[in-house]
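Single chain ahead, written as structure tokens, the form predicted alone.
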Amino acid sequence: MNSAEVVIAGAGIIGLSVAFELLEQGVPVRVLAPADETGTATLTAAGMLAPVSEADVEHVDLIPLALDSLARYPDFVRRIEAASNITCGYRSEGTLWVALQRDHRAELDHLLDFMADRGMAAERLDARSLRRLEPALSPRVVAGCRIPGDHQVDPRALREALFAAVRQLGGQVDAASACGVDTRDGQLAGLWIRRQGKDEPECLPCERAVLATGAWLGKDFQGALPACGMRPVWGQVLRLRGEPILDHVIRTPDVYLVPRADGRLIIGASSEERGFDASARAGATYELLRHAIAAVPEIAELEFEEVSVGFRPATRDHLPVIGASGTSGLYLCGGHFRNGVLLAPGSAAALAASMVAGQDHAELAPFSPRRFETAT
């Protein structure tokens, strides 16, 4: 095992999860945490862990990694909480998928058929059963299902806990961002970085590094990287607060509602191609609230706390890039699009195992960054 320090560029849940897994295996780690966190997907994410109810809208190649990652979550959270003494808000009540009208019912039937074909568990429910589980649901509810395999976590709490756990395990955290690579004969020799408060970049020597910079992977970056076409997909999320009115995550084809134990309610999410525009939009806010109140009328009485915008990192084929690049010693871990929080434990564990073993992990074959090098 190579025991040289690994530099990880990026301090979202993906980068910190890789750092945590490597540290637990005795590999020294240095995390580069940018000062500007505008649009960071981790801070906007609602934290749904939903490989089952989102299986129909995601790439089929993601399903095995998503199910594996969800199975890792209880132990992943337990280890992080033990190291950090911070609670991550992990909950396992499941999701209620709700239909409010005929078109919704057709989408529900399609989802249930898809899940049944793949052996995924879901319990069809009538309107009375749904409202027995969640009395705040609208009287307009006509049908739905309960998906016990979907869980949730609080991404902001999880990130705070990961930061603390990384430091507790001896990891270093620098206020800096990566802006390029230094190579010697195809081998990584260092990362060019910009430290907070300094204008001029400097070279940080390292033999191994992981780029986990989300939608910014390759942006304003000097050096050859796979042509994965990383781009930001704009998403807006609302946060309300008040007395708790829901126990389960509620989903319709138009909106999702994620309750927190402290009474906060996360409402999401819009999805548009706007580049790196971090401004919130009145129309997106209106549409999210309209669909949320249609599903749960009591939401109208909650206090408005926050509107946040994040950039989902999407590659050209909407699959992540996880693994070694064409530069020896340089690894990528990004492009998780809508499911970064869900896929973090599985992605980090597999990438850390491949780095420690010094060979590609079979589970990561569909997500190899080299697929873009070959295509190019």
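So that there is no doubt, residue numbering starts at 1 and follows the sequence shown. This is a predicted model, so every value here is computed, not measured.
Unshown form predicted together with a small molecule; subsequent notes refer to it.
No member of the trio Glu107, Pro259 and Ile293 reaches the small molecule in the predicted bound form with any non-hydrogen atom inside 4.5 Å. The closest heavy atom approach of Gly235 to the small molecule in the predicted bound form falls within 4.5 Å.
Using a 4.5 angstroms threshold between heavy atoms, Val18 stays clear of the small molecule in the predicted bound form.
In the predicted bound form, none of the heavy atoms of Gly329 sits within 4.5 Å of a heavy atom of the small molecule.
When the small molecule is considered in the predicted bound form, Ala9 lines it closely, a heavy atom lying within 4.5 Å.
Put simply, of Thr252, Thr95, Ser177, Ser84 only one has a heavy atom within 4.5 Å of the small molecule in the predicted bound form, and it is Ser177. Heavy atoms within 4.5 Å of the small molecule in the predicted bound form are found in one stretch of 121-129, 297-305, 212-220, 199-207, which is 212-220.
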